[in-house]
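Given next, in C-alpha cells, is a single chain: the form predicted on its own.
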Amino acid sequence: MAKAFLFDVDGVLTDSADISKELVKRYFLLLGKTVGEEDIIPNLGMGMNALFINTAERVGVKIDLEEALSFFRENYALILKEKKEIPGASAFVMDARKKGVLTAVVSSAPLWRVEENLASISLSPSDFDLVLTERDVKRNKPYPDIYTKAMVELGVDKKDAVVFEDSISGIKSGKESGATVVALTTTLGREKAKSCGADATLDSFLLFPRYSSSSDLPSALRELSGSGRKAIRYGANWIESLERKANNEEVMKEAVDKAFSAMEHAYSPYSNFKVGAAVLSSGSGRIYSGCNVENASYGATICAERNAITTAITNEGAIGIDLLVVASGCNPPAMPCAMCLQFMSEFIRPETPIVLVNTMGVVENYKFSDLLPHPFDYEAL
C-alpha cells in the first residue's frame, strides 16, 4: 500500500527545468563559451554546485562558482514569472493530502528556489508534511540519501513510497532508495525516462489514474505502468523484467541446446577451438545464441559470449541478462575471457547464473560476481 508521495520540484511540480538550462547557457555565453543541452541535461537534478561545476568540466572551462550561483539567483525570478505549473500539479498535491497520503518536497535545489517555485503555483512548504532540500544531506542526487531520509522522517517503508521525478539523477536517486518512481515526461521524454529506470511515466498529473484512498494506489500505479512490471537494474541499464511461464529446467535445457548448436557453427580455422554461448533476455524471455568468429589478426576475433549478447541487442536494444551458458569441447569447460566478462557487466546482475558446459557432460555453475566481483562500470564515469 502506497502511503507517501515524494515530489521533486523543477520539472515535476513547476515547469521550471528549462530555467536552469537557459541560465547555464547564458552564464557560459558571458564567458565566451556556447554549451548545448547535451552538456547540461546529465547534470540536472544534482544540485546547483554540480550543475555548474560538472557542465564546466564537460566543456573545459574554469568558472568562479560563487559568481555563477549569484548570476543564477539574480536572474531566476525574472524567468520564473513566465513559467506555469505542470498541469494539475498543485491540485494533485492537495487532493493527495485530503485522501490521507503523506506528501514531501524532496529537492536537490536550495531552499530559496524551492520556495519561489512553490509560490509560483500557489503552494508553500506548509502544504507538505516534509520539505527537504540540498542543505539536508551531504550527498545530493543521484545518491539515494535524500529520498531515504524523507522516508525515515515520514515513517514510511520504501515499498510504500512513490517518487515523482523528471531527471536522470533524480530517477536514479529514487530507484536506489527502493521507492517506486514515476517520471514526468517534461525533461527526458517517455522512452529515456523508462531506460533510466522509471517504473512508470506521466505526461500530466491530470492523467494520473483515479484513486479514493492510499489503499487504492497500488492498482492505480499498475494501471499507470500499463503492465505492473517493475524496472530492475542490469549493469548500466534498467529493464522491465518479464515473469516467465516456463520453469527453470525448461529454460536451462533450451539455453544449453542453443549454445551447443551455435558451437557447431563456430569459425575457428586457426585454433580449432569452438565455443558457443546463449543468453536469456530478462525483458522478453527470448534466448539468443552466438559462436566465436576468429580472424587472421587475432585481436579482431569475436568471442561467442559477445556474439550472443550483440545478437540480443540487435533484436531488442539494451537488454538484461538472466542467464548465460557457455559451451565448449575442453575439460574443464571454457571460462569467459576477461574482455567478455567486462562486456557482460554492462547488461548483467551480480547474481546472474553463468553456466559452463562441455561435450563430456561436465556442468559448472557460477554467479557473475564469482567471475568478476569488481567490474569497471558506469558509476566510475
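Residues carry their position along the shown sequence, with the first being 1. As the structure is a prediction and not an experimental result, all values here were calculated from the model. Superpose the two forms; the largest set of C-alphas matching within 1.5 Å is the rigid core.
Beyond the structure shown, there is the form predicted in complex with ligand THU, which is absent from this document and is the topic of what follows.
For the three residues Thr301, Ala304 and Cys337, a heavy atom within 4.5 Å of ligand THU turns up in the model of the complex in every case.
Residue in contact with ligand THU in the model of the complex (any heavy atom within 4.5 Å), chosen from Val105, Ala198, Val275, Ile239: Val275. Checked against ligand THU in the model of the complex, the residues Asn292, Ser173, Asn117, Ser167 give one hit for a heavy atom within 4.5 Å, which is Asn292. Proximity of Ser212 to ligand THU in the model of the complex: non-hydrogen atoms within 4.5 Å are absent; the residue sits far from the partner.
Proximity of Ser271 to ligand THU in the model of the complex falls within the 4.5 Å heavy atom cutoff.
Listed stretches are 346-354, 329-337, 55-63, 25-33; the contact stretch with ligand THU in the model of the complex is 329-337, by a heavy atom cutoff of 4.5 Å. Once the cores line up, the CA of Val275 ends up 2 angstroms or more apart between the shown form and the other one. Positional change of Ile309 between the shown form and the other one reaches 2 Å or more at the C-alpha, relative to the superposed core. Here Asn292 counts as shifted, since its C-alpha moves by at least 2 Å between the shown form and the other one after the core is aligned.
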